[in-house]
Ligand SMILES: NC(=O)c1ccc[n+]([C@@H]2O[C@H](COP(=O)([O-])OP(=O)(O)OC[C@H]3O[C@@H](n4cnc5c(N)ncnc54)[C@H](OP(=O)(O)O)[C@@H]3O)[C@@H](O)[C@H]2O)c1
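A single chain, nothing else alongside it, follows as structure tokens in the form predicted alone.
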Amino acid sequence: MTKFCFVIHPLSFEDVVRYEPGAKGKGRPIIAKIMEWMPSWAVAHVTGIRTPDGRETEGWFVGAGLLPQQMLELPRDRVYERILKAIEIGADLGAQVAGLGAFTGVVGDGGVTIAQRSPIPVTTGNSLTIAAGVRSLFRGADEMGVDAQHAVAVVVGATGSIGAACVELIAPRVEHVILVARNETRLRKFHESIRERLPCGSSCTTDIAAAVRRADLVLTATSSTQDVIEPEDLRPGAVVCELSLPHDVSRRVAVERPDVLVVEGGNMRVPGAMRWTRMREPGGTFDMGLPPGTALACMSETMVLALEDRCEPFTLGRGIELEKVREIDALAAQDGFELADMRAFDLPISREAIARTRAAADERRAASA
């Protein structure tokens, strides 16, 4: 059996409690200082992953306990050291391939330096994240009755490794795609490099709000630690798919825009009866805020590589090959991985909630006609 490890870290001060219950009630400055100096550690043992044809894998979640802002602000080599120590812990436990979660796959050069220094092969998991995100976006469009072929789609974070690939996968299915990123020079160069091969109309802008106001479909793939999608900018009946952690969409949208469908695009249902058991409290279940049997797509890519005995650096760096996205998507389906049920703002979306959202969109469109 090929085994894996996956490097995780808390995404917010509130999230720290999932990892260390003893942090509850402590002030943010104290938590930040503790996380800055806390060594990497084995968080959870992952078992019960089993394909329909009987193949199995197991692995470990290993914590590199820095917060997102710390990942971006601390000296890079210090952050690399924390991530590499987590991978070494996983390798010592028996892992033969490692995945980089959240900001551990973003910091620096997208995993390339980490892979060069790692004792085992490393992947960011971004290929399966892209495949799952695009599928989730168009599933949301179907649920909301959006005619994708005549829709305007916006990709926020279009010059990043995930966003750039999403642009090329979304473009064949919509009428117009708008590329959005913060760095105008980089954005324009990227748009010029791909414009001729996009099979739909395209444009680019650094003005997120202006782009979103035109959009029927929005996909976000940024490394921002702040809200980038606000409720006042969204069109009635818009579908927003988030691939970013922390979330890009303001939680105000959940309250102020009942006519908009927001979905977390990177969640997969894992085959078998997966369990996450805490390492420090034997028998205790580790809670990552996901439903039972569900994992992030980047985690799932690492699991698929282990199930396929593909101990290789499958996805690394800033440029992602679309063929690799299609390959890992096909392997995941073969191994029994599926899109998870829809969620938004860390909560499930029921069929009744979707119906209410669609009705509210119809009502709002009629009122503004």
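Residue positions are given as counts along the sequence shown, with the first one as 1. These numbers were taken from a predicted model, which means no experiment stands behind them.
Only in words, not in the display: the form predicted in complex with the ligand, which the text now covers.
In plain terms, the part of the chain that comes close to the ligand in the predicted bound form, with a heavy atom within 4.5 Å, is 99-107 out of 274-282, 139-147, 99-107, 169-177. A single residue from the set S223, S118, S250, T294 has any heavy atom within 4.5 angstroms of the ligand in the predicted bound form; that residue is S223. Between the ligand and the residues I114, A215, V270, A158, the one pair within 4.5 Å by heavy atoms in the predicted bound form involves A158.
Though the partner is left out of this view, T123 does not reach within 4.5 Å of the ligand in the predicted bound form, counting heavy atoms only. At least one heavy atom of R186 is located within 4.5 Å of the ligand in the predicted bound form. Among heavy atoms of C298, some come within 4.5 Å of the ligand in the predicted bound form. Within 4.5 Å of any heavy atom of the ligand in the predicted bound form lies no heavy atom of C241.
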